[in-house]
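The data below hold one chain only, encoded as structure tokens and taken in the form predicted alone.
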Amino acid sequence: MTRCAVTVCLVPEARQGPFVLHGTLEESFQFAAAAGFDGVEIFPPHADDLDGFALRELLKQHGLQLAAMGTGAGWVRRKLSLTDPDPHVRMCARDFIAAIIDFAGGFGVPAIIGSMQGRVPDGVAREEALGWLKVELDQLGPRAHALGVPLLFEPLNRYETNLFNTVDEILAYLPTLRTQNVRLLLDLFHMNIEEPDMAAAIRRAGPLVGHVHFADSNRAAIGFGHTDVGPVVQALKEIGYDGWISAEVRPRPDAAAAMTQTLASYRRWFA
């Protein structure tokens, strides 16, 4: 059975990003619970900035679950990526992600690799950059597996990366990895840009779909843009997807409206 989550950003530098709630965890959890969400997806500055005992208590207090945890602050704040030409930077990126894997894994949820995948740098052959990425994923995937969770990898649109923009591109790459613990995070905003048929792409991904970002064509809440959600939801049901449906959207026109619209759309399509 799917559940619906809302994004909570704890990184001030990412305030303009696609996150509904900002501020303290206590305030955000209160808003999320009052709106009717099942869980929260957290975007933290670093794993060391989180108090696991306090987080567990807050989740219990508000009747919420943790859905997933983002790693993008490593890029936003430190410009770390897994495909940086400098091996020391790649090592720091791996350590940053590993710390969040460990923290999230303690709650039984996965970490997300989105912007920290990086891109093929200028002057570097694509094969070399993908080789660097393989080395890192083959270390991070088993780390997540040891905690009983998958590692989520998110294909991004062409304006954010030149690594993997479509489901088919990442599906062709995954068999080159030793680890079999990488799952796909499918973000409908990115898919709307890159996939000629989002529903067909979801069917091809099948059981490798590990998380869904429920965002409309304009990165607003589903229903505020022009994405045809029906075929997408039908495809998710056909592949037996029963994971989180998470609103990684901009708080437009405001956070309350984004949450209300998300839940209305979620209940319409997944009830």
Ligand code: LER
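So that there is no doubt, residue numbering starts at 1 and follows the sequence shown. Source: prediction; values computed, not measured.
The next section is about a form of this same protein that is not shown, the form predicted in complex with this ligand.
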Look at the stretches 82-90, 143-151, 101-109, 185-193 and give the one with heavy atoms within 4.5 Å of this ligand in the model of the complex. 185-193
Given that the partner is absent here, does Arg219 sit within 4.5 Å of this ligand in the model of the complex, heavy atoms only? yes
Gly74: touches this ligand in the model of the complex, heavy atom cutoff 4.5 angstroms: no
Tell me, yes or no, whether Asp168 is in contact with this ligand in the model of the complex, where a contact means a heavy atom of each within 4.5 Å. no
Can you tell me whether Gly118 touches this ligand? I mean in the model of the complex, with a 4.5 angstroms heavy atom cut-off. no
Check each residue of 232-256 against this ligand in the model of the complex and list those with a heavy atom within 4.5 Å, in sequence order. Glu248
